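One chain comes next, on its own, written as structure tokens: the form predicted alone.
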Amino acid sequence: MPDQNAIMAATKSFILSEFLEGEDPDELTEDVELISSGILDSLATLKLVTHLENTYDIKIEAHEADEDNLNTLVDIAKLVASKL
């Protein structure tokens, strides 16, 4: 089972390749606000949820796919770890 640091690293890599191509990876720190800053819009958030579900074989409920659970890499890692 991956730990939260591994989940954050993998998620960061996915976000950089899918939504922030060409951006400086050092700028995407674990506490950058992804949804409230506009990096992830509703479609990007849905794509991220699908990626997390497929990668970790988990189910993220509709009410969990929100700013509270997916706004930062830390939030995402906590959510995924809680489902493993």
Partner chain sequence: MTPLHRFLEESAARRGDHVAIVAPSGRSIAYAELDRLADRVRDRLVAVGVGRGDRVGLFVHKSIDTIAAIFGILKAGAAYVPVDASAPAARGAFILDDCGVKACFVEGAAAQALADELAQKGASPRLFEIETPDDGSSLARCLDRCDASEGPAATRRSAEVGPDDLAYVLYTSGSTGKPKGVVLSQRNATCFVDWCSDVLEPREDDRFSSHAPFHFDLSILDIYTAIKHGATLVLIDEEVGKRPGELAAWIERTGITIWYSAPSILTMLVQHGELANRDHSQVRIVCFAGEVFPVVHLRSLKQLWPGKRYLNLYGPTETNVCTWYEIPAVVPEDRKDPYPIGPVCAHLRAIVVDPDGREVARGSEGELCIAGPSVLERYWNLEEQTAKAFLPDRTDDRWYRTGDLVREDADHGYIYMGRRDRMVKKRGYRVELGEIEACLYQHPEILEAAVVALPDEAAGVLIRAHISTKNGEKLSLIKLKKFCSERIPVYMVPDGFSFHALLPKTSTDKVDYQRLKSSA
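Residue numbers count along the first chain shown, from 1. Just so it is clear, the model here is predicted, and its values are computed rather than measured.
Beyond the structure shown, there is the form predicted together with the partner chain, which is absent from this document and is the topic of what follows.
For residue 57, no non-hydrogen atom is located within 4.5 Å of the partner chain in the model of the complex, even though that partner is not displayed. Residue contact check for residue 20: one or more of its heavy atoms lie within 4.5 Å of the partner chain in the model of the complex. Using a 4.5 angstroms limit between non-hydrogen atoms, residue 65 touches the partner chain in the model of the complex. Annotation: in the model of the complex, residues 1, 6 and 13 none come within 4.5 Å of the partner chain through any heavy atom. The partner is not shown here, but in the model of the complex the stretch 34 to 65 reaches within 4.5 angstroms of the partner chain through a heavy atom at 36, 37, 38, 39, 41, 42, 43, 46, 62, 63, 65.
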